[in-house]
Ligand code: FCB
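As a starting point, one isolated chain is supplied in structure tokens, in the form predicted on its own.
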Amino acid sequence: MQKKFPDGFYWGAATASYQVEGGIENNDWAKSALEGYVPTCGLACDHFNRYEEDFDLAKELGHNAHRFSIEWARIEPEEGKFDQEAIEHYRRVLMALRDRGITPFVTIWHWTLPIWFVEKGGWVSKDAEGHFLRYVSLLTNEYEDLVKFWVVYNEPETPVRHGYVIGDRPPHHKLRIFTALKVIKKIAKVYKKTYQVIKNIDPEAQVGFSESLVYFEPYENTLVNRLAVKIIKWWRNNPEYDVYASNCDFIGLQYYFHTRVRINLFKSKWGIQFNDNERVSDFGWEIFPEGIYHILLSLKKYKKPIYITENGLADADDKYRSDFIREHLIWCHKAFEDGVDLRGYLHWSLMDNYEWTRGFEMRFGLIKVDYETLERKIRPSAYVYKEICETNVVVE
């Protein structure tokens, strides 16, 4: 059975500056790599120099939208000093997309921070708000004529959880839960002001955010399991989510996970048990397409347009990706039929890239990258997605 998406639907893929551009040595992740905390990114995919080639491939694959991020450390390498060459580079990137009929969704902050900002205290600094709003103002003024969709933050909860609780990402603090909650609240406050700054400069701009939401459910329908789900969901799906959803023109959804939660009260070792996974990605993440439907329905209450800004899997052999895309889109279409204002789907990722603490081990790309030669090769699943993009139809 054919499932047709509405006219004007956005189809494409996403990337992030640090993960694909290469040559970025003045942000907190590059510093962490030098200190041995995380793998070195180095040249990555050299997308900084090859963006036109990559956009040609995106166009060939039927994409009419592309999400990417602007690297703050390139734009403002020193406090208050903006790099005009970097500003012009991203202008050329935006024009290259425009010339190919591809609509950009521009992420302002995709986790990485300039070293100078971190040295001043990062997000916990009293001056953090002013620094970020100055950066936002510059971007909006510079690119007002080229950007309609601004994604202010990418998954704002994730770097806080990993940076202040788990400790495997910058700034590599562990179990600082109260600090983490403070930073989450601070970032949400800055977001509200960012929204107003952009709208004051460009009232026609569409301003939103992108958060990764997990579909949680209990193993058994018991009080203790339902309570555990409620608490874990509150933290993992961002305690400040309502602040974001109340101050946006659209919601960006990133869906990767479904998690069943069971509290083991009567085991020899008390603890929380999660999924009994069957079909999994190379990352070990469970493939559960139905979850995206439930998350989309939960967002319906906000009465905002929704774009899937990331959805994908690590699959080096391209074994599951075609079915993964098709099955998730079938559930997306069901959500659309049930009244969700869904307007676009951006797959993660356009190409293989630096996968943060896992380096270049995981392969998320519609396009395979040979990291020695930097040759690009389109995977078979990308052609399956191409047909969906060009026909606006997914077949159940």
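What you see is a predicted model; the values in this text were computed from it and never measured. Sequential numbering from 1, following the sequence displayed.
The discussion below concerns the form predicted together with the named molecule, not included here.
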{"property": "Contact assignment for the named molecule in the model of the complex, among Glu286, Glu310, Glu142, Asp315, heavy atom within 4.5 Å", "result": "Glu310"}
{"property": "Of Asp341, Asp46, Glu355, Asp56, the one that lies within 4.5 Å of the named molecule in the model of the complex (heavy atoms)", "result": "Glu355"}
{"property": "Touches the named molecule in the model of the complex: Phe324 (any heavy atom, 4.5 Å)", "result": "no"}
{"property": "Close approach of Trp29 to the named molecule in the model of the complex, 4.5 Å, heavy atom", "result": "no"}
{"property": "Contact of Tyr215 with the named molecule in the model of the complex (heavy atom, 4.5 Å)", "result": "no"}
{"property": "Heavy atom of Phe68 within 4.5 Å of the named molecule in the model of the complex", "result": "no"}
{"property": "Segment assignment from 90-98, 287-295, 120-128, 253-261: heavy atom within 4.5 Å of the named molecule in the model of the complex", "result": "253-261"}
{"property": "Full three-residue contact with the named molecule in the model of the complex, heavy atom 4.5 Å, for Gln19, Trp111 and Phe364", "result": "yes"}
{"property": "Residues in 72-87 with any heavy atom within 4.5 Å of the named molecule in the model of the complex", "result": "none"}
